[in-house]
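Here's a solo chain for you in structure tokens, the form predicted on its own.
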């Protein structure tokens, strides 16, 4: 592999993944994501988008080809390194996945506690990300006291708090109304402009059209398009 590829944040080279029963989830897929990019991964249900995410977090490994995330070779890495791989990234989910019995502050702080951060560092860093995500006034609230948009902001703060190399956002606006979704996208855009790489899986053509960022389109396990500046995917 050349030196340029070795500096990329995420590398997929000729990746094929076939599940039990002979279902081909990915078929010879290649792309790279560079540091600081904002990339959408789009396509219909069953296209292979979730498999790309699962490969990046080592829930799956490739049957053929090569996947690298940061310094981790997904196909060859030892299981003991999976936790370190996942700590190197932030994950944002469609269903938020907040701990219901913890406050906003505690939900975000928990992500730092599990990596052994000091209490002083936790207090300082959590305060910073709550301010960045517009949650400073909500730090004592529990998830069921928040709107959907606020809950997703907590999810983003949690993903951001350990200074990840990049964030993977899996349908982060899927459960939100249009105006709320727009606010979440503005927040992710601001985070990206501060230098954090973002890879976002989405079904929303409105968001893709408005953001005008790079788009990787997957259909039937194949990479159909990889374009800068948005993409009309009416055929997908």
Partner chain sequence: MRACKNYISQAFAGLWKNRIMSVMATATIVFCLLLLGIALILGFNISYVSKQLEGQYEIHAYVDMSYGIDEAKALKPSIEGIEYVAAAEFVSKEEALKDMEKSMEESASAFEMLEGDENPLPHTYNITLTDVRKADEVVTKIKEIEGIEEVKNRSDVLEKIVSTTRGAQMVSLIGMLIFAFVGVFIISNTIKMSVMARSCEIEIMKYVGATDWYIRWPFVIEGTVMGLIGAVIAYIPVSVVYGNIVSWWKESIPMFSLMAMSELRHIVIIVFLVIGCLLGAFGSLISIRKHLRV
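Numbering follows the first chain given and starts at 1. Small disclaimer: the values here were computed from a predicted structure and weren't measured.
Beyond what is shown, the protein has a form predicted in complex with its partner chain; the following relates to that form.
Novice: My question is simply whether residue 182 lines the interface with its partner chain in the predicted bound form - judged by any non-hydrogen atom within 4.5 Å.
Specialist: Answer no; every heavy atom of residue 182 is more than 4.5 Å from its partner chain in the predicted bound form.
Novice: Evaluate residue 79 for contact with its partner chain in the predicted bound form, applying a 4.5 angstroms cut-off between non-hydrogen atoms, and reply yes or no.
Specialist: Close contact exists here: in the predicted bound form, residue 79 approaches its partner chain to within 4.5 Å, heavy atoms only.
Novice: Indicate whether residue 142 is a 4.5 Å heavy atom neighbour of its partner chain in the predicted bound form.
Specialist: Residue 142: no contact with its partner chain in the predicted bound form.
Novice: So in the predicted bound form, does residue 137 come within 4.5 Å of its partner chain, heavy atom to heavy atom?
Specialist: No, no contact at 4.5 Å.
Novice: For the chain shown here without its partner, which stretch in 124 to 132, 82 to 90, 67 to 75, 146 to 154 has non-hydrogen atoms within 4.5 angstroms of its partner chain in the predicted bound form?
Specialist: Within 4.5 Å of the partner lies stretch 82 to 90.
Novice: Residues 57, 97 and 101 are flagged as a possible site; in the predicted bound form, is every one of them within 4.5 Å of its partner chain by some non-hydrogen atom?
Specialist: Affirmative, all three are within 4.5 Å.
Novice: In the predicted bound form, which residues of 151 to 171 put a heavy atom within 4.5 Å of its partner chain?
Specialist: Heavy-atom contacts to its partner chain in the predicted bound form: only 158.
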